[in-house]
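Here we start with a single chain on its own, the form predicted alone, put down as structure tokens.
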Amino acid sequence: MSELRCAIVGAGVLGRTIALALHKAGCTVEIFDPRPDGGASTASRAGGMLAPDSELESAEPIVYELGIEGLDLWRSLSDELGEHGFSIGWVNRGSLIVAHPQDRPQWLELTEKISKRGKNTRYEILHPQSVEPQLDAKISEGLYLPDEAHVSPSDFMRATSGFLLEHDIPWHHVEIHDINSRNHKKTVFKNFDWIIDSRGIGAKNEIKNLRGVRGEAVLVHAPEVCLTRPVRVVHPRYALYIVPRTHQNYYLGATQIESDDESPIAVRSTLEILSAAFAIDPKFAEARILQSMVGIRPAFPDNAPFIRQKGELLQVNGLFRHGFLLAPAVAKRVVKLISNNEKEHRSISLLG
């Protein structure tokens, strides 16, 4: 594969993991994206949870299969980048799913689904205060999933930018709007063997049935709170998740809205997120809001990832709200496709 030249268009979490995987496989890689630092990309605003077991409740089976595979790949990626002095904030302390007493029926339903659908899922039903002592005492049951993990998206973006630039991967600070244009194929991409389109929602005008799903989150500084793993709160209308960051910061996310509206976070969403966090740990009342965030996740009607090959062009998209969870496993399949170097027109199965 050392003779193959690959252009990666779009450098969110998927584009970067593909770039790292192809570089490791010996390909010559160049990246086309306006911001090496990630800027305001959806990836930079993500929760970074690696929670395939939690997704058994509602996600497609492929999300679980690729997610389980992705956990091991993330561990390896963290080690490899760490050897070069770059940290992605990998933490493997599991995750916890809880509910308020009035929402216990929904929590029981979720717990039953996860226990029945997971092939090798390890879980434990326990008093949540045994693993997170600060949680409100009224929350008497928790589902603990010890194999789940999380990473810091901002650390990941910095680490991958640093690694790729340190290894002299050319980074073109441009935004490509129409990969299929005759002009681009004759100029920008004329010397590449493969073009990988990983632009997420940026490819909406070129990929049929691709839609945007809006997510909203708040980053707070809460020095009195001491949570050490992601905590998901079951609720009839939404699922709040609290993800620890460094320096006593916490990422609070909840919403999933069928919209590609990128306007600022709604008041209702902000109130619901902050109120739910306060109900889990009253010490969030003294937290300071550092940032509110909106991200548009790319999804297809089945909410499953997608690879389509059109000759030398690979369209890789549709990771929905599972971008960090699925990216390494999807990147692994891209490398396999490129290693075969067969220029066909087809849709690719991501299993197997």
Partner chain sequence: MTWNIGGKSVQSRLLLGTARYPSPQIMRQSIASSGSEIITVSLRRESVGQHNGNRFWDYIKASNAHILPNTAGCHSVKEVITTAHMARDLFDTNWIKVEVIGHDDTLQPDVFGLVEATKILIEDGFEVFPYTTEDLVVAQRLVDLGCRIIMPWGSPIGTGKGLRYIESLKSMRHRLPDVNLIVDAGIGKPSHACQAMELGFDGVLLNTAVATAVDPETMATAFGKAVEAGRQAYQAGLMQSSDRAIPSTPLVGKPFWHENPL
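Values in this document were obtained by computation on a predicted structure and should not be read as measured data. Positions refer to the first chain, counted from 1.
Unshown form predicted in complex with the partner chain; subsequent notes refer to it.
When the partner chain is considered in the predicted bound form, Thr246 lies well away from it, no heavy atom lying within 4.5 Å. Contact check for Asp261: a heavy atom falls within 4.5 Å of the partner chain in the predicted bound form. The partner chain in the predicted bound form comes within 4.5 Å of a heavy atom belonging to Glu60. Within this chain, Arg237 lines the site of the partner chain in the predicted bound form, having a heavy atom no more than 4.5 Å away. Listed stretches are 121-129, 159-167, 209-217, 192-200; the contact stretch with the partner chain in the predicted bound form is 209-217, by a heavy atom cutoff of 4.5 Å.
Proximity to the partner chain in the predicted bound form, taken as a non-hydrogen atom within 4.5 angstroms, holds for one residue of Lys138, His173, His177, Lys113, which is Lys113.
Asn303 is the sole member of Thr28, Gln309, Ser44, Asn303 with a non-hydrogen atom within 4.5 Å of the partner chain in the predicted bound form.
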